[in-house]
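As a starting point, one isolated chain is supplied in structure tokens, in the form predicted on its own.
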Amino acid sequence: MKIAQLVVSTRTVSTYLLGLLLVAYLSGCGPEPPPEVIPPGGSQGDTTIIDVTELPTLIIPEDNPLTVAGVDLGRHLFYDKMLSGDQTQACATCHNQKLAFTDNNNAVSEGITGAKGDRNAMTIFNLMWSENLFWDSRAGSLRELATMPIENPIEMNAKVEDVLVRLNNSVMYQDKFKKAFGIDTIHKDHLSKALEQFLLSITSDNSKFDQFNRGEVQLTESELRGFDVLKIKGCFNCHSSSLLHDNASHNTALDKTPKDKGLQGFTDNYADRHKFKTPSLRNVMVSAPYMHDGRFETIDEVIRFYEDVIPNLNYEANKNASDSMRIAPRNQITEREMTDAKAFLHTLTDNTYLTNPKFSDPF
């Protein structure tokens, strides 16, 4: 097939994948004194909160509109070790921006006591469009998620009450919370809302593939072939839409006898056994290792795994799923297909996001 023909066919599919353009604006007002709410794409001086083109319509909590002061506060909190029990770890300790906010190529993370968790640190971007957060979907919102690692005894191992005492005794944070929420005393809800604002502000939509979709660059023949390889193999059944994930959980038969219950641990429904949330393919080439437990060190291992999936009871049940949700039959992938698939996956790396100073350590 000629490259011109490839471009046309790929553009047709990419239009389906990349979804709606940004059309919504933030609205609402804050407490007294009200912080200024900046619409996405708008600015206050040189500061723009959210500026995206390839992602769905923004979803901002009505009771927590993004403000310059609120996002700045959340960013400081995200990088502040004050939030951990012994003040040696911050959220950012296990979420490195250069690696799509994953944990420095570690399969699982180590908390302040030296204890290790059993799941891989997930990426952080485009979370305003993610439903039911964490690998097992146990957090219903970013606000709920925000303090879970702080209070988790294996992770930051702190009491929120102790963290609030430190924040209320800090002149810097007293000033920042006052500017963000117009308050004199900091409570847990304020802490959660500030972290939520920062996490909502972290977006990624300026990869080479995004630029291709906007008509700014062309993909190579290998990258275009790689797109087709992933499409034919059924990868986009779950890694769908402009987010490149389906906001759902699936059992992909990682183990014949799973030890981690996954979604079942949250729902207590046997049908959810060993189901885990679909991660986005965006920035996948910088976020190794892979899977919920970080078992695969390279993307090659992930692709090879899906050639010969080990059946278990839940995977057998998946055979009855609709065509749009069923994982495609695995045919042996050739070396050229592997090379092309990785070439396309590299086009999903957003270097602007990985180096954006708005998401970086403010200290």
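For clarity, every value in this text was computed on a predicted model and none was experimentally measured. The first residue of the shown sequence is 1; numbering continues from there.
Here the subject shifts to the form predicted together with a small molecule, a form of this protein not shown in this document.
**Q** Out of I150, A180, L243, L224, which one falls within 4.5 Å of the small molecule in the model of the complex, going by heavy atoms?
**A** It is I150.
**Q** Just to confirm, with a 4.5 Å cut-off on non-hydrogen atoms, which of A69, I299, I60, I50 contacts the small molecule in the model of the complex?
**A** Filtering the options by heavy-atom distance leaves I299.
**Q** Identify whether the small molecule in the model of the complex is within 4.5 Å of every residue in the set N96, L99 and L200, based on non-hydrogen atoms.
**A** Answer is no for this spot.
**Q** Looking at the partner-bound form in the model of the complex, is G85 within 4.5 Å of the small molecule by any heavy atom?
**A** No - in the model of the complex, heavy atoms of G85 and the small molecule never come within 4.5 Å of each other.
**Q** Consider A194 of the chain shown here, and say whether it contacts the small molecule in the model of the complex, taking contact as heavy atoms within 4.5 Å.
**A** It does not: once the small molecule is placed as it appears in the model of the complex, A194 has no heavy atom within 4.5 Å of it.
**Q** Considering only heavy atoms, tell me if E110 and the small molecule come within 4.5 Å of each other in the model of the complex.
**A** Taking the distances in the model of the complex, the answer for E110 is yes, it comes within 4.5 Å of the small molecule.
**Q** Applying a 4.5 Å heavy atom distance criterion, does E155 contact the small molecule in the model of the complex?
**A** It does: once the small molecule is placed as it appears in the model of the complex, E155 has a heavy atom within 4.5 Å of it.
**Q** Given that the partner is absent here, state which listed stretch (211 to 219, 163 to 171, 247 to 255, 182 to 190) has heavy atoms within 4.5 Å of the small molecule in the model of the complex.
**A** Flagged stretch: 247 to 255.
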